[in-house]
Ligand SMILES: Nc1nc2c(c(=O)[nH]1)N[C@H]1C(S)=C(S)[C@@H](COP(=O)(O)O)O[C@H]1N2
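Here we start with a single chain on its own, the form predicted alone, put down as structure tokens.
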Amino acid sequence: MVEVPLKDPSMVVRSAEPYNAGPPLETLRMSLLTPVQLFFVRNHGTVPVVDAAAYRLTVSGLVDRELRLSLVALQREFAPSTVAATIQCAGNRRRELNAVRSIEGEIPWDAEAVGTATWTGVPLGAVLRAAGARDLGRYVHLLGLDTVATDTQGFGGSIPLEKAMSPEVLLAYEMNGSPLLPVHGFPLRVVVPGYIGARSVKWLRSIFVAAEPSRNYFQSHAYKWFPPHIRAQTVDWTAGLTLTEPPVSAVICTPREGQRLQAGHLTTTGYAFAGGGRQIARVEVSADGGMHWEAAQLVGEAHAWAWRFWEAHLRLLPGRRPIVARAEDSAGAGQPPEPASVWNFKGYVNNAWHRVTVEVV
């Protein structure tokens, strides 16, 4: 029998096994820190059952000292660190791309495959320094305990050693101040702020320092981006762009698509996020499909690795009204107007202007 995760009953379940689900957008927008029960889940296989007492993390490869660490040893021998970070699935907003051209075999996420939490654990860099990572090492391979049909090794990936040594990258054992739930990676997961969620490997079992990137299926094939003219039938997997930092994107959480509203003033709300530690510089919202724009107000304090909430005040006239949102990040990057320009056969990193059409009476 499949174990039901301890999640809120409002979660929109995209697949039951493996369990993949996210919260309604209006619920997601209620708190800058996403409650654990509402945090999206992206799994590629069955959630493993792990005995915390017997658990061991191995560190090997291009290191001076191989390590085999229990959870207790990690917590006792290394100073803890906490970071507020947004994790976003590379397939977030795939539904819009699927409307342009069919995308087969992928989860049809709306814009709910994202969440922000405080993560507490051990800096990955501290563990790599304790193992004596060598100069020849350029990548850190990360492998989970879950089993998946597409790779007999399990779910894995790699990140550059330079990123792995950055202080924000954690081996996390707590989420929002409580031990990780099994569905979120208990007893230990990697959290790689600023990168796509696939690099934050859950149920971590091994760390391997190497000169080359991981050949795990989820690094070498699954999470790669290709331009719109490439199709699955003709793809050369070696030519794809390895996904790392998601592009800037703003999302409308309220009102919702098809909602019936009274004419007059409306406060629209949403979130915006940019990868790589870049900040949200501004968000603009339009009540007429993008002809005229209003500056939105950014809500709360800025954090290097976390999203920003925003709200804007619009005046709606009667009729069918397309509300559109767009953002710009601190590096000056913006968003393309149409999803067709960023369509790809895997449905990844859609950051076209976000649109919601409402009926105004």
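For clarity, every value in this text was computed on a predicted model and none was experimentally measured. Start at 1 with the first residue shown and count on from there.
Keep in mind that the form predicted in complex with the ligand is missing from the display, and what follows is about it.
Original post:
Looking at the partner-bound form in the predicted complex, is Pro187 within 4.5 Å of the ligand by any heavy atom?
Top reply: No.
Original post:
Is there a heavy atom of Trp307 lying 4.5 Å or less from a heavy atom of the ligand in the predicted complex?
Top reply: Trp307 lies outside the contact set for the ligand.
Subject >> Contact of Tyr271 with the ligand in the predicted complex (heavy atom, 4.5 Å) >> reply: So Tyr271 does not count as contacting the ligand.
**OP:** Evaluate Asn43 for contact with the ligand in the predicted complex, applying a 4.5 angstroms cut-off between non-hydrogen atoms, and reply yes or no.
**Re:** Because a heavy atom of Asn43 falls inside 4.5 Å of the ligand in the predicted complex, the answer is yes.
Original post:
Just one of Phe208, Tyr173, Phe226, Tyr223 has a heavy atom within 4.5 angstroms of the ligand in the predicted complex, so which one?
Top reply: It is Tyr223.
Subject >> Contact residue in the predicted complex, chosen from Asp146, Asp110, Glu284, Glu168 - any heavy atom within 4.5 Å of the ligand >> reply: Of Asp146, Asp110, Glu284, Glu168, the residue with a heavy atom within 4.5 Å of the ligand in the predicted complex is Asp146.
Original post:
Where, among 262-270, 129-137, 100-108, 200-208, do residues come within 4.5 Å of the ligand in the predicted complex by heavy atom distance?
Top reply: In short, 200-208.
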